[in-house]
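The chain that follows stands alone, in the form predicted alone, written as structure tokens.
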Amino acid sequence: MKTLHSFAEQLAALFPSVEQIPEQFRIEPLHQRTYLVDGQMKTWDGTVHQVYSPVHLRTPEGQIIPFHIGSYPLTGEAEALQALEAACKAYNNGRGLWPTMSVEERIECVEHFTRLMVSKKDEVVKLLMWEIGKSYTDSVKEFDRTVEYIYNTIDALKDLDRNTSRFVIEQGIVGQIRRAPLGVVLCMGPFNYPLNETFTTLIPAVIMGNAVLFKPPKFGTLLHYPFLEAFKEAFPPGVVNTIYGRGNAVVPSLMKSGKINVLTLIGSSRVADSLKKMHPKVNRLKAVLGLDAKNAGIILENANLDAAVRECILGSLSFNGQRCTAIKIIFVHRNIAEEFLDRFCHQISKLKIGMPWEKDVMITPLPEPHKPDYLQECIEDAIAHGAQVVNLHGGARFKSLFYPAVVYPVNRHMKLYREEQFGPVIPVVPFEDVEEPIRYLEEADHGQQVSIFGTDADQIAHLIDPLVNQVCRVNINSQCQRGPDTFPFTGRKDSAEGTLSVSDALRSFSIRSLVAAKLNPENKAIINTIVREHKSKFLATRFIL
């Protein structure tokens, strides 16, 4: 206990005073009092939510307290319904300016927004660091990856439009098949990738002609404020509208209205299930969901341990393990378990823990105030059922800093066996027969990804065939991950609904529609006139370069 207490004091010492923060990373509190609805920046003079950074600061008196970085509006049901009406008006049952624009015109608007977005990079990166504790390096990567995703989306839409710019003739019927928008989209992103994962749904939804209601996550709200003027300038009124306030206060009325056509949520399956049930016409509601995951790593007896340890460190502890794609449980063959744990724990001891702006920092403050208590509860439950924390200082904590804990041997009676911990606690399960981790994945409520570590091609092939029917991505000798963004990103069971990737997202937020006619001289003349004189945005053969 003395060592743990001493290490907790070392963690406390990592929190800086204001003077110790490098000048380039200092931040002035941002008090947001406007929000975007119907192309107007509305002023809010009601209740606000105070935002405190997971980065605590040391006062001149020696206290360590959360740093107050700003506030944002806590709007209510009335404001949410106003935003809904603005989106409905912009879409106008598919007759609005935005859904009837040509693909080329919508692309020009998104490109204009992206140029404005890039000008806000420094401000947004800094807010990412202070709001959710993400390292500077990872915050820059998130911003850059999001911009790259937008440009890749534009290129994918150009390809899609080119492929559908021709007519199809079958059985005496001439037709043109294109993709059309679905309507009003309610978009809610996650706190762990509040920019990237939000925009991987918001941008495809918008560019396909839908009108969007955008609710930022509870942690990572302020960082979206710099984009509001860009949304206002780049898009017609009502195409993008922002919603603030408590989710349980503003979202139910939106769903119960029956006017939401697409629900896109990156979050928990419990929340998604409850929201879908609120919709009065569930068959009209399309859901695009990225939900819970309990991705497993399987370390076979013949695995290259250097590679397995390296990838499992990255997979389980990048951004403190706060990723849906993180490796959240590791199965290791009993014959190599001790050696794997020795190497794994040794590598964890070399990880840098500190503030987001520090070079090469890996473990940073956790944004969810109650997360350290929950992680401690999981560890205590595991110990009560026979496990141990096997790495030095594992589970040590102070305020929002939580040192990674490797827990072994984990079994089915422990919370860590099934629950998604979403933090820097790594449960390790020994196995003797590879059927054990396979059965685990078969019985699991989740089915996103798995990582297999081994060197025997026959054994890996034997695992691939059953596992592709349990999860949607099998990684060989590499960590679970989302990228590249051109790959499909989805899950089975309670892990996802719909598929996201650069091209799949365009399809998720649209539907195939066609114009068809019997191939006779009169109809040929009509179609030729429409196309030649550019009378229709849909029925056209324009080729976007």
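Quick note: we count residues from 1 along the sequence shown, nothing fancier. Treat the numbers as computed from the prediction; the structure is a model and nothing was measured.
Beyond the structure shown, there is the form predicted together with a small molecule, which is absent from this document and is the topic of what follows.
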**Item:** in the predicted complex, the residue from 135, 153, 221, 192 that sits within 4.5 Å of the small molecule by heavy atoms
**Value:** 192
**Complete:** Checked 508, 490, 481, 53 for heavy atoms within 4.5 Å of the small molecule in the predicted complex; positive is 481
**Message:** Counting any heavy atom within 4.5 Å as contact, can you tell me which stretch out of 238-246, 436-444, 204-212, 324-332 lines the small molecule in the predicted complex?
**Reply:** 324-332
**Asked** Is there a heavy atom of residue 79 lying 4.5 Å or less from a heavy atom of the small molecule in the predicted complex?
**Response** no
**Asked** Going by a heavy atom distance of 4.5 Å, is residue 145 a contact of the small molecule in the predicted complex?
**Response** yes
**Request:** State yes or no: in the predicted complex, is some non-hydrogen atom of residue 197 no more than 4.5 angstroms from a non-hydrogen atom of the small molecule?
**Result:** yes
